[in-house]
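Starting off, we have a lone chain in the form predicted on its own, written out as structure tokens.
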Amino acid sequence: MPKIIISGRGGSGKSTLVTLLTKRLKEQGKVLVVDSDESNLGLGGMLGIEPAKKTLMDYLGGKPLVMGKLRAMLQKENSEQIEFFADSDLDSLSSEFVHWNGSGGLMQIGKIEHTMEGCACPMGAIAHDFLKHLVVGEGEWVLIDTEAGVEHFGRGIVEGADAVLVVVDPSNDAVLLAEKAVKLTEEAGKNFGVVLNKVDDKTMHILEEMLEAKDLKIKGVLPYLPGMAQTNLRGEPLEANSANDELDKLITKIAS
């Protein structure tokens, strides 16, 4: 089954979509959530899954060590590929950096821990290599929650995924970013789709017209749900019950 990148502008609802999809997909198989956003602190609470003791960066020895290895690899003659991992499946991942709660798992690539620690490029490099070598079996899913914007495309994370879902909330910025993200997804040779989030009848029709004019395909629609917004505000785990029908439609489209 697929490895899906969830992309979009800040505040569009990427983590909400990841959480709701995870809750629904857990009923059908195994789901690994990869948190590749170095500043996202609330995803574990939304999922109801405590993060593992270590991030993937910590597991590899920390940012200075990873940066040193990257420099050494780049200085080698004819060095075209930077690799940290061999092929692996979900069952073989270490519990040091993946925490499972039933059939749902959460891992974090890395987090910004200190001021002046430098760019997040090493996190992108290990995320790219990890996803490229991760083998996903039948009935298994991997959902990658990304940082806001399109920087993850520049880091090459999309190479290790099968498709990209771009979350669009009712804002012009979200539509413009979706247009850019779709172009980058097509350039990478991957499938894509748009998911509308936090919409009502009026905003949905406006967004449909805007996206149709840009030839952007809508895969799913999640309405604005006040109860979910309040649950998110309180930092409590989200439940997918109120959006199950729309989630099922979206999952069917992704799987096909």
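A residue's number is simply how far along the shown sequence it sits, counting from 1. Just so it is clear, the model here is predicted, and its values are computed rather than measured.
The form predicted together with a small molecule exists for this protein as well; it is not shown, and the discussion that follows is about that form.
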4.5 Å heavy atom contact, Gly29 and the small molecule in the predicted complex: no
Counting only non-hydrogen atoms and a 4.5 angstroms cut-off, does Thr22 reach the small molecule in the predicted complex? no
Would Met46 count as touching the small molecule in the predicted complex under a 4.5 Å heavy atom rule? yes
According to a 4.5 angstroms non-hydrogen atom cut-off, is Val66 in contact with the small molecule in the predicted complex? no
I need to confirm a contact call. Of Ile218, Met204, Leu70, Leu225, which residue comes within 4.5 Å of the small molecule in the predicted complex, counting heavy atoms only? Leu225
Even though the small molecule is not shown here, does it sit in the predicted complex so that Pro2, Thr185 and Ala188 each have a heavy atom within 4.5 Å? no
